Structures are given as C-alpha cells and as structure tokens.
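Below sits a lone chain in structure tokens, taken as the form predicted on its own.
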Amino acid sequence: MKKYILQSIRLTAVLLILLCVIYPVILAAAGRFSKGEGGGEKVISKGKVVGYALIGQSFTDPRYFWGRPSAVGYNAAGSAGSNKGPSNEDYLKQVADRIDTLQKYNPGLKKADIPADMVTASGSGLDPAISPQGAIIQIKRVASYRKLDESKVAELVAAHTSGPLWGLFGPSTVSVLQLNLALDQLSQTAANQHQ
C-alpha cells in the first residue's frame, strides 16, 4: 500500500509541474508570437480600440449590419451557448422573436430567406462574423437608413467577405465589425461629396 501511495504522490507532483507550470508557460510564449501578442487582435479605428477581431459585438442600430445573436451578450468572460435544444419552448420563442425583428426592420424579407446564423446563437456566444447571406439580407435596410446606393453597400459586403480557410476549411464569412467600420467610412465619404 505504501508503495502505491508514494507512486501516486510522485505522479501527482510530476503532473502538477507539467500541467500547472510548463504547459501554461509554453502557451503564454506561443501567444506572444500570435497576432495581438496573446492579448487579442485589436481593431483600431481613428486611433482608438473599437473591438477585437475574434469577439463579436452587439449592433442594434438599423443603420448598421447586425451580427449573430449571443446567448451571453458578447461577454468574453462568460463565453457560452444557451444549451437550449430545438424542442425547448423558450428557445423557439426566442428564435421566432428574432425572425419577427428581422422582418420588421427588413420589409419584404421572407422567412425562408433568413439564414440560421441570424436567429440562433453560437456555442461561444462571441461570433464576430456572419454568413454572406446574413449580410446580403440586410443591404437594403442599411442602404435605406444611410441614404446610400444599394449597389455601393453590396460592393462593400462583397469586399469584406472572406472565403474558407485555404479555400477548403469552413464557410465564407463577413466580419461584422470590419464591415460596419467600412460602412461608416463610406457614409462619411458620401456626406463629404454632397457638401
């Protein structure tokens, strides 16, 4: 028995050093070589940090493109999904409310044209991007509220659509924050031209 206890203590000590010291140091060092040096890739506009490239934000103003809903209010400290399944009545009501809101602010939008990512929260609750279809269904509304030509807004969406990683992995996406920053710039340019 004594033999097993000593082996267990030694194994515990080795694992503590390995997993609580060495592994975190390796991860921290690797983070220093990543974009943002381990502190997150900051998005800067006009000299100010306006967000992070991999953390979504809540946009509810109809003049902006809206992102994917978040079950945690885009709180990076509490990243999580809702854990509600497709048979949960509260969840179904939430999805129906999101569909109603989209249709209210995007007149003429058919329920069948709404992509799932615009009405369902992700597992992390922090998605910074939406599908190209999620952006396309909002073009008319955004152009109308900003008094911009729809074709210019559509060009902006196309310019901010990223394809799958290496052309193989994952879907095409549109970064909502980057698109909205470019949209502000387009609106400013259009306003300057009218003066």
Partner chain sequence: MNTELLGVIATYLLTLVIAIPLGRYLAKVFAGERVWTDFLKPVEAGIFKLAGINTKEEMDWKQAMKALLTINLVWLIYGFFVLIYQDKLPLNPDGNPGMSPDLSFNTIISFVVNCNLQHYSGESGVTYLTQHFVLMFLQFVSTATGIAAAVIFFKAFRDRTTSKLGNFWDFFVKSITRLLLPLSILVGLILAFNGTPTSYDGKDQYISVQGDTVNVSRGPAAGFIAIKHLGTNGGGWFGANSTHPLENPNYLTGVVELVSQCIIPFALVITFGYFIRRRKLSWMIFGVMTIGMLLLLVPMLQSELGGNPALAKLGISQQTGAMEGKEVRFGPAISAYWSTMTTIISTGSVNNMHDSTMPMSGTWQLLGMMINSFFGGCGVGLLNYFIYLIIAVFISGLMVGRTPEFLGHKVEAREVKIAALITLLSPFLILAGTAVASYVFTAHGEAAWAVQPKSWLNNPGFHGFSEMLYEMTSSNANNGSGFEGLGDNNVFWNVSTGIVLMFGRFLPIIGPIAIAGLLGAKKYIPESEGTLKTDTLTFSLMTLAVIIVLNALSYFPALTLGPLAEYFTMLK
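For clarity, a rigid core is taken as the largest C-alpha set superposing within 1.5 Å between two forms. Computed from a predicted model, the values in this text were never measured in an experiment. Positions refer to the first chain, counted from 1.
This protein has a second form, the form predicted in complex with its partner chain, left out of what is shown; the following refers to that one.
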Though its partner chain is not shown, can you say which of 126, 148, 137, 157 has a heavy atom within 4.5 Å of it in the predicted complex? 126
4.5 Å heavy atom contact, residue 143 to its partner chain in the predicted complex: no
Contact with its partner chain in the predicted complex for residue 42, defined as at least one heavy atom pair within 4.5 Å: yes or no? yes
Partner proximity in the predicted complex: residue 181 to its partner chain, non-hydrogen atom cutoff 4.5 Å: yes
Although the partner isn't part of this model, could you tell me whether residue 57 comes within 4.5 Å of its partner chain in the predicted complex, counting any heavy atom of the residue? yes
Would you mind checking 1 to 21 for residues with a heavy atom within 4.5 Å of its partner chain in the predicted complex? 1, 3, 4, 5, 7, 8, 9, 10, 11, 12, 14, 15, 16, 18, 19, 20, 21
After superposing the rigid core, is the C-alpha displacement of residue 49 2 Å or more between this form and the one not shown? no
Taking the rigid core as the superposition reference, indicate whether the CA of residue 159 shifts 2 angstroms or more between this form and the one not shown. no
